[in-house]
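Listed next as structure tokens is one chain, alone, in the form predicted on its own.
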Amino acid sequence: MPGFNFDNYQRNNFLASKGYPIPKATSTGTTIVGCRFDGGVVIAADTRATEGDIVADKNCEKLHRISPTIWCAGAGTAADCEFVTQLMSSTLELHALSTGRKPRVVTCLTLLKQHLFKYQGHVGAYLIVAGVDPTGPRLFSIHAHGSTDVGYYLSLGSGSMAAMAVLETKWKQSLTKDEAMSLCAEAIEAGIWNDLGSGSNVDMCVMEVDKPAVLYRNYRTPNERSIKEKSYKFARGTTAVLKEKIRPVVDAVQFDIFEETIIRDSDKMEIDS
């Protein structure tokens, strides 16, 4: 019968009654967006990489090159995003060489969602794929389970709600390139300020028809460290030394060295008897 299946819900309740922890949703800890404009498409991302509650990298790259005219922004597990996009890059290059045609964005989308669906979400890559091809500018999103979406503007990651609020408020038809870049940067900054899993700087990539893609590394840096008002360096001798004692960690022991030559039976020269 068609409809919803609640077997997993009943299973989880049974496991919880036996003392097993209930599976929890994993936060992706990122803000990525994409936006189309007249003649091209823009994608942008923040640069904070987290490991639980720890900021592992303040300026990581979340924009991945798949082909000269196709790029993607990744959220989720950093290693999965990196290696899935590398796999798609080589696969798409071989496909282009085989067919003798430039790769299309929808081809990349199909390869990605087939690969991710095969692993049923265990490969944690949430991607916004964008690019230009003979059919024009294209913008898609792919979730880790293989589901896809298409639109004029998209957002993914833990800061996607804050970013989508900006996109839905300020997006309009027939955006110019500069307006699209400003809109995407503002959407990423909304994720940076309102989501703890997003932070640091704004990276951006612009793809236009009949032009090579341009990557703007650290397009905006809203979290630059300011100069401290007061220096906390103290001159030597500021703190008084009340007592000083030097103790060797290992006691020096003198050994007598003897030379000894050992001749083994196997080292003797064989002599005819």
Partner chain sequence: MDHMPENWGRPRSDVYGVYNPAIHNAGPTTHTQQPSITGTSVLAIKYNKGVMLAADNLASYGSLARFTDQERLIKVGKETVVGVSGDVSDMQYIQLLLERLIIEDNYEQDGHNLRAPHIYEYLSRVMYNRRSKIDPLWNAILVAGKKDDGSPFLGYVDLLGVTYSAPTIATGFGAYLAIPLLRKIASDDGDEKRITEQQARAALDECMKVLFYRDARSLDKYSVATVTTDGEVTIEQNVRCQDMSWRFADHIRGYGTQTM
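Numbering follows the first chain given and starts at 1. These figures come from a predicted structure and were not determined experimentally.
We do not show the form predicted in complex with the partner chain, though everything after this point is about it.
The partner chain contact in the model of the complex: residue 152, any heavy atom under 4.5 Å: So residue 152 counts as contacting the partner chain.
Close approach of residue 162 to the partner chain in the model of the complex, 4.5 Å, heavy atom: Residue 162: yes, in contact with the partner chain in the model of the complex.
Contact test in the model of the complex: residue 104 vs the partner chain, heavy atoms, 4.5 Å: Residue 104: no contact with the partner chain in the model of the complex.
Residue 186, heavy atom within 4.5 angstroms of the partner chain in the model of the complex: Although the partner chain is absent here, residue 186 would touch it in the model of the complex, with heavy atoms inside 4.5 Å.
One residue of 98, 173, 120, 114 in contact with the partner chain, assessed in the model of the complex (non-hydrogen atom, 4.5 angstroms): Only one option qualifies, and that one is 173.
Proximity to the partner chain in the model of the complex, single hit among 200, 91, 77, 148 (heavy atom within 4.5 Å): If I apply the 4.5 Å criterion carefully, the residue I get is 148.
Contact stretch among 164-172, 120-128, 82-90, 68-76 - heavy atom within 4.5 Å of the partner chain in the model of the complex: That would be stretch 164-172.
Heavy atom within 4.5 Å of the partner chain in the model of the complex - qualifying residues of 193-219: Heavy-atom contacts within 4.5 Å come from 194 alone.
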